[in-house]
Ligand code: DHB
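Take a look at this one chain, the form predicted on its own, written out in structure tokens.
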Amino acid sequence: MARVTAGVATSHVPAIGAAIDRGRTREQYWAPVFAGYEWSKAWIADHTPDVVLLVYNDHASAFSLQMIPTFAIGCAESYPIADEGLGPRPVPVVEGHGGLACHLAEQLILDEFDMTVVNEMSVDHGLTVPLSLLFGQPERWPVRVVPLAVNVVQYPPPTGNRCYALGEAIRRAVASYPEDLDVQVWGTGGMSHQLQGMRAGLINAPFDNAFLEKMTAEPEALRQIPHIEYLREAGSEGIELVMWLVMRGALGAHPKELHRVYHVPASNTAVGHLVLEAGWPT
């Protein structure tokens, strides 16, 4: 059967993708950010999964304010790179896994999660920057990807508790897939940041580091954080952290933390990164 073996959490700052694409990763400003991912790149080279279920948010590329699903799962065989205003990023087309994706859609809906099934969409930096951070600049991505888009753009987003429960359902659904697949779940976005208003540039390092610690030590506490606390403590875009909880819910009761990074700032965002080994038994 298929199994969830590990989880990755990472910020998906668009400026990080631009730094990679323009060959600026060794510049003084950017070098500390990318140094934090060197361990992870070596680890993923030795633990490359068959499929990554990548939890991210769309930035008005596939969806607009006219239609924003709370949870949307990509069931296509491939996903073109979105043009976010300056042309598509120069990265490979993202190859999907239609079989696993359709199975997940079925099982999650039968498990009473209202998933929007998407058979055609482009993917933006929310999905491609995490791939670049761990896999560099290959001619072809070494994994297939099942995109799972979460609405953290327009109120009301799903609660952290609902996202965690979705992760638990994903773990069950993956385990019921008959093919022998190594699956990782990646949660992206965050950490604390705000892009507009009087608090633009807000970074709350104590909140971020407490969140990183609780991902393994006290996940139940993270499930209960209300929307207003994310807004107050982590800024208007800090709500992206609920996507990390989808990943955490998919890992079982006692995952092992393998690697942790926190860096301020990258552009105007606090960068956080975790690599977790899935807990056993299921």
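A quick note: this is a predicted structure, and the numbers were derived from the prediction, not measured. A residue's number is simply how far along the shown sequence it sits, counting from 1.
The same protein has a further form, the form predicted in complex with the ligand, not shown here; the description that follows concerns it.
Residues within 4.5 angstroms of the ligand in the model of the complex, judged by any non-hydrogen atom, belong to 189-197 and to none of the other stretches in 189-197, 172-180, 135-143, 107-115. The shortest heavy atom separation between H125 and the ligand in the model of the complex is within 4.5 Å. Proximity of N268 to the ligand in the model of the complex: non-hydrogen atoms within 4.5 Å are present.
Though the partner is left out of this view, R223 does not reach within 4.5 Å of the ligand in the model of the complex, counting heavy atoms only. With a 4.5 Å cutoff on heavy atoms, H47 does not count as touching the ligand in the model of the complex; it lies far away. Residues are counted as partner-facing when one of their heavy atoms sits within 4.5 Å of the ligand in the model of the complex; in 1-24 these are H12, V13, P14, in sequence order.
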